[in-house]
Each structure stands twice: as C-alpha cells, then as structure tokens.
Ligand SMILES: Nc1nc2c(ncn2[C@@H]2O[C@H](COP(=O)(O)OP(=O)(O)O)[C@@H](OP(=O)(O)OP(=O)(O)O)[C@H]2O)c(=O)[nH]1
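Quick setup: one chain, the form predicted on its own, written in structure tokens, and binding and motion questions come after.
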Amino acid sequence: MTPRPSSRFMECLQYAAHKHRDQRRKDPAQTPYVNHVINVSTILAVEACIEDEAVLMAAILHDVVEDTDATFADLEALFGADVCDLVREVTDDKSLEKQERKRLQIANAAKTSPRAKLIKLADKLDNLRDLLVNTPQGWTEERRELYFVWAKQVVDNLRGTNTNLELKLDEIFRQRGLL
C-alpha cells in the first residue's frame, strides 16, 4: 500500500503553492515556479528514497523565504523548528550580491547538515535537468555553461551524502564534459 502524505505535508505544499503562485521559471514555457519545489521534494522521495518528512517539507519550502514575503518566523510557527531550521540552512542571504551568494554556496556546502545537503543536491539536480533542455530567458549560452561549472563546484562539496543523487548529477556533468 502506498503511504499517504500527512496533513502537515499537504498544508506545507498548499502554503508553498500559495506563496509562489505568481512566480514563473525563466524557461521558454514560463513554467509555474511551484513545479520546481515540488520536483525537488519528489526527487528526494522517489530517486533518493528519503522518507524524512521534515526534509521533504523543507524541500517544498526551500525557496519560500528567499523568493516571497514568507519569513522564518512564519515557517517555524506553521511547520515547526526542525523544518524551519532546514530551510534556513539552504536559504541564501538576498542582501548579498549574487556573486557573493554563489561563492558562499560553494564555501558553505560542506559545512551544512546531511539533511540540508540532500535538499541542495536535489535542487541542483532539478535545475541542471532543466538547463539541459532549456536556456533561461535572458541567458547567453556562456552563462548557461558557467552555471553547470558552478553547480559542479557546489555538488563537489556535498559529496558523500546520497549515492543515487550524486550518480545522476555526475551523469549530467559527464554530458557537459565536466568529469
């Protein structure tokens, strides 16, 4: 029998859908942004075989503070300290310049908790899968290629976390000539 998602998980999904409702990805089809956070959680559940509900919920919420008006206080009140702390670990400080945020993702990747590393790996896997088939609007081919190079640097500092995800990421890096 297939396990039924908890009401807490479904509330989390509904919250993320509401917060991201007006956002679109930069792909040519302008896919609803919420598809990305659902993909990240699904990658963890299906491909990485993760059953830790807090990790799956944090994956759904991983961009909500960074990209919406949601706060960490909101997340803690609604979903508890464990989920909130995981989201905090994977959230970039938007007050910093983009290049500094990218540098910090590389530098801090190895220092994050194993559960946060799972979310980072799944996030990168979903983004890279999308980049294999789509060039975001406004991106040059050079910028697209630099994203693959940067993502590999982040992933290299997350290694030893989940073999399934790392093998899938390595296949993408191999396709791009980065391995």
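All residue numbers are counted from 1 along the displayed sequence. If you're wondering where the values come from, they're calculated on a predicted model, not measured in any experiment.
Below, we refer to the form predicted in complex with this ligand, which is not included among the displayed structures.
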task = Report whether all of Phe9, Phe72 and Ser113 sit within 4.5 Å of this ligand in the predicted bound form, measuring from non-hydrogen atoms.
result = no
query = Would Asp52 count as a contact of this ligand in the predicted bound form, using a 4.5 angstroms cut-off between non-hydrogen atoms?
reply = no
This ligand contact at Arg88 in the predicted bound form, heavy atom, 4.5 Å = no
ask   = If you check in the predicted bound form, is Asp27 within 4.5 Å of this ligand, heavy atoms only?
value = yes
query = Though only this chain appears here, would Leu131 touch this ligand in the predicted bound form if you measure heavy atom gaps against 4.5 Å?
reply = yes
query = Since the partner is left out here, which residues of 142 to 179 would have a heavy atom within 4.5 Å of this ligand in the predicted bound form?
reply = Arg143, Tyr147, Trp150
